[in-house]
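This document starts with one chain, in the form predicted on its own, laid out as structure tokens.
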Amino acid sequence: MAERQQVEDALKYLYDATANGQPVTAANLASVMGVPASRDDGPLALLLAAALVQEDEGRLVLTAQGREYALQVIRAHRLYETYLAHRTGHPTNTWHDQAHAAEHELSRAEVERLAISLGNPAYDPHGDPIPSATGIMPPQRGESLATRGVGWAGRVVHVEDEPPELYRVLSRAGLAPDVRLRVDAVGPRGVTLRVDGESHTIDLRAAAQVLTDHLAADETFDDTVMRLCEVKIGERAEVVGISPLIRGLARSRLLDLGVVPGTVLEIDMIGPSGDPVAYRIRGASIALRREQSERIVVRRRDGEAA
């Protein structure tokens, strides 16, 4: 397994570097993987012996067979992350490591069964394209958020999950694929965004981690929405949606409780510490923690008091 993992990790690195226009030498590969740059032993020797890479004027280049193998590994990783996002309750920050382990264990047949069970998705939860079973890579969508001007409104299509510290910043700002946003200001501190009724400022380095696209012709940016946690006692609110940041079992539970678009709710009871808060929904009282209520998007029902 150790040899397989080293070979597959090397193939992924070579594929990513090639896609980004970065030449790779034996020394580069050895440095990244923490192994000797030997052509007689280790992962490079295995890659050369299996004809997965070849050397061209000192650079390592994937062969057709090597590229196909790399895409299989990437497909397994991104499908498994999709599985973790939609079918489990595992925290987002654990997906990468779990998928990295699974990509080296799953057989090709197991990967294809997983793809079918998920509906053959073309993009993973971060918006990364998932190679098809025949090795076709869907196009990367969108343009960098850092290039959008003041007043621009659109949707997120990709959020880079590396490095982890920047990904945490983006998650705290409510940014995930399919989230709508508007750019309210651009300045030395970064980009100020309107997301689900709240303003967030992120620096340009973080903004560059986000790819965005225009809204469809029949869509508009709704500036009347707010987060459920902002609803006050005596107010009624109508559910608009649940943030894409709530996934898997947590999302299913909210849907089962009736937190669906169009449902009207109000505060029923507030705990002694202010968290959780119980909401009256469809004749029942359900308690939600703040981390849940701040990811539920609602619109105040004007003129309606509890």
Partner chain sequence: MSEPRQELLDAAERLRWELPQNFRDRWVEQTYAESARLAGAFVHQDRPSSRLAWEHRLDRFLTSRWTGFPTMVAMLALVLWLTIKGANVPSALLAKVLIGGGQPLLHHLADAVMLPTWLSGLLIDGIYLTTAWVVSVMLPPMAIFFPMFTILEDFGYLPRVAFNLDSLFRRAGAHGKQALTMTMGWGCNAAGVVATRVIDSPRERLIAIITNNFSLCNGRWPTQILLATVFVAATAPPRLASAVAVGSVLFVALLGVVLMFFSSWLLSRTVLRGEASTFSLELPPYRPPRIWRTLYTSLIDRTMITLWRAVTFAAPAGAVLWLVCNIPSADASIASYLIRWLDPIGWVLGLNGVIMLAYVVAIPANEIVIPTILMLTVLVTGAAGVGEHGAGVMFDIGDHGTLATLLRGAGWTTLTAVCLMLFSLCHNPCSTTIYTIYKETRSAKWTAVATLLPIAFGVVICSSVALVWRLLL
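This structure is a prediction, so every number in the text was calculated from the model and none was measured. Residue numbers count along the first chain shown, from 1. We call the rigid core the largest set of C-alpha positions that still match within 1.5 Å between the two forms.
Same protein, other form: the form predicted in complex with its partner chain, not shown, and the subject of what follows.
Mapping the unseen interface onto this chain, Ser107 falls outside it, with no heavy atom inside 4.5 Å of its partner chain in the predicted complex.
The closest heavy atom approach of Ala284 to its partner chain in the predicted complex falls within 4.5 Å.
Among heavy atoms of Gly234, none comes within 4.5 Å of its partner chain in the predicted complex. When contacts are judged by a 4.5 Å heavy atom cut-off, Gly58 does not count as touching its partner chain in the predicted complex. Contact with its partner chain in the predicted complex, judged by any heavy atom within 4.5 Å, is made by just one of Ala30, Val260, Ala50, Val264: Val260. This chain is displayed alone, yet in the predicted complex one of Val150, Ala122, Val169, Leu204 has a heavy atom within 4.5 Å of its partner chain; that residue is Ala122. Site residues Gly89, Pro129 and Arg141 are all in contact with its partner chain in the predicted complex, judged by any heavy atom within 4.5 Å. Here the chain stands by itself, but in the predicted complex one stretch of 192 to 200, 221 to 229, 160 to 168, 133 to 141, 133 to 141, has heavy atoms within 4.5 Å of its partner chain. Interface residues of 271 to 286, taken as those with a heavy atom within 4.5 Å of its partner chain in the predicted complex (partner not displayed): Gly271, Pro272, Ser273, Asp275, Pro276, Val277, Ala278, Arg280, Arg282, Gly283, Ala284, Ser285, Ile286, in sequence order. Ile296 shows a C-alpha shift of 2 Å or greater between this form and the one not shown [criterion: core-superposed Cα displacement of 2 Å].
Val259: CA moves 2 Å or more between this form and the one not shown after rigid-core fitting. After superposing the rigid core, the C-alpha of Ala17 moves by less than 2 Å between this form and the one not shown.
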